Structure formats: C-alpha cells, structure tokens
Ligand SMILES: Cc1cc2nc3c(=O)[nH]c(=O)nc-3n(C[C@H](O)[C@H](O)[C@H](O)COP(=O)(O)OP(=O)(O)OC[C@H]3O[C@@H](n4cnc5c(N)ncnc54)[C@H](O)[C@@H]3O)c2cc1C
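Okay, here we've got a single chain as structure tokens, the form predicted on its own, with questions on binding and movement later.
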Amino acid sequence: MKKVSIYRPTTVDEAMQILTEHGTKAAVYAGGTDLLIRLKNRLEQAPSFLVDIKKIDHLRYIKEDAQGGVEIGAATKIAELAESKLLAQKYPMLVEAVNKISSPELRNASTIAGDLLQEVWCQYLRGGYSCWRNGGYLCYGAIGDNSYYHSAMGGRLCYAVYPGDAATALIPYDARAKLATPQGEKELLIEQLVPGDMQVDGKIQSHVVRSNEILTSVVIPPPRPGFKASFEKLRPRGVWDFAMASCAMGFHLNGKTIDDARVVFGGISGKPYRETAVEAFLKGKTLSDDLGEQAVAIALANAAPLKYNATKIDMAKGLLASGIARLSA
C-alpha cells in the first residue's frame, strides 16, 4: 500500500489547519472504505497524508433540529442511518435507499460524508490507467468498455458515473450540506455539492469541497404534508454492486394532484441527474396509473450513450415508470 502519514486532530479547526498545510496531498479519513482502496492500488490521486477525524466530537449523530427537520453528522455510519427510527418516521425513502448501499459490512464502516464525496469507481481509474483523474490526458471509458461504470448522459474530461446513492435520495428532500471552511461555515444544497466533474484545487472530482474544507453535517428540512417519495435501484447483484441505474422521486400532493415534483436519476451520469423536464411535466398532473408512460416518453431526451451503455437509459426510464406506479398505488 502507498505509504502515508496519519494525523489525529481533536477539533475541526485543527483538522482544517493540517489540510491547509498539506493541500491536495492530504485527505480526510473516517470510514476509509473508498480511501483505503485508492491507497492499496497506489493511484496517482491517492493522498500521502490522512487526517483521521474519528476522534473529533460532535460529528457522529442523528438528531431532530428546532424546525422539525433532521441533522446528520458527517461521521455517522450508513448503518446508523439505515437503522434510525427517526429517519424511518420522517424520511422513509432515504432509509430505503441507504439500505441498498453496498453490503452490511461496508455500511457498518462507511460514513454519510464518505458516500457523498466518494471517488468514481471506473475500472480504468481503479486499475491504474493514466486517465484524467490519475494524472493522464485521456478518458479510457469514453473509448473502451463503458457498459457499466460510465455516463450515458455525455461528459467532459471524465465519463465515469457518480457512484453514490445517498445524494440521489437526499436531493428530492431539498437536503443541504454544511461545510467547515477557513473562511467560516457555509451551506450548499446536495445538488450543488456534487455537480459533476470539475477541477477543484487542480484535480478532477465530482464534488466542490476544497482540499482544506470539511463536510460536517447534512441537514434535511422538515417533511411537508402530502409528500410521497420512492427509490428504485437496478444492480447486477443484490448486494455490493453500484447502480446500473437508480431513480429517486418526491411528490408534493394535494389530494391526487402533483403540486411539485423532484425526479433524480443515479448511475447514469457524472452527477445525480435531476430530470427537470419530467418535473415540469408532472406539475399539475393527476397521479394515475398511465402517468408513468407519459413521463417516460419525455424523459432523458438529452441522453448521449456511449458505445456499450445505451441500456442504462432504458433501465432508468423503466425505474421512472415503476416509481410513479408505486406512488400511484
């Protein structure tokens, strides 16, 4: 494994100071399920300094806030979200989604911040190819085997799909992330946190967190009356595998009328893909059995599949139809 130095700060400010000192050569370490694999594979973009935040107080919790929403500490384990009675009561779709993340063993180790900020899982990156993310000048997924891990909605430098499930499920709830930065705390919508491939501090990543910033918590607004949500995911195996396609939906209903809608696809793009055209179509419609077929007809019109992954679009449209059918029942 790549040799590293480990720091164990006891405060967020101390952690940020260490991250600032080492820049992009350092990374936050909590669950480590993604980070350790990058180190074992000796990837170019793997860090040389780990900042272990597990000893920092007040980063591992699930609590109701004063407004009736819920705040989740960044170091909270995925398994703790999956088992939370508070989340099951207020946001059952989120609990359904996190129960489909990886395997029970990895859910016991992985954190919510780690799932949101994890690196892509392209076989070329993980195999040490000299791609854009690994110090090279080419996306091998765009020209090679792109049947599983690569975007069917186009791309820029990197065509690997964003792999996380938590962000896809949080966006319909209008959830936000809190970041500690040297300039003070800032908040971003989850949709803004993971906008897809971009250069941050000289490296390509799927999120906007800078090398000296730390995601400290996720805040979910109080559930609104008449809100219904669903999460659907297709993967080759029942556990472990990332989504070939997933779909999270949230409807605000007035009786059977859809007053507002969120439709977010996972597994098909370099970011959780919010399908605003379908959302606009659904607003004002009556929830019914045939609404899914109508929505599918206009969904993902901007799809740009690569040579081997057009089936991802078919899967995503099927999940859209089945999700609407679930909410109509």
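Start at 1 and count along the sequence shown; that's the residue number. Here the structure is a predicted model, which means the values were calculated and not measured.
The form predicted in complex with the ligand is left out here; the points below concern that form.
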Position in contact with the ligand when the complex is considered in the model of the complex, options D241, E71, E96, D259, heavy atoms within 4.5 Å: D241
Of L81, V218, A229, I101, the one that lies within 4.5 Å of the ligand in the model of the complex (heavy atoms): I101
K271: touches the ligand in the model of the complex, heavy atom cutoff 4.5 angstroms: no
I37 within 4.5 Å of the ligand in the model of the complex, heavy atoms: yes
Close approach of T111 to the ligand in the model of the complex, 4.5 Å, heavy atom: yes
L300 within 4.5 Å of the ligand in the model of the complex, heavy atoms: no
Stretch from 183-191, 85-93, 248-256, 113-121 whose residues place a heavy atom within 4.5 Å of the ligand in the model of the complex: 113-121
In the model of the complex, residues of 175-195 near the ligand [heavy atom within 4.5 Å]: none
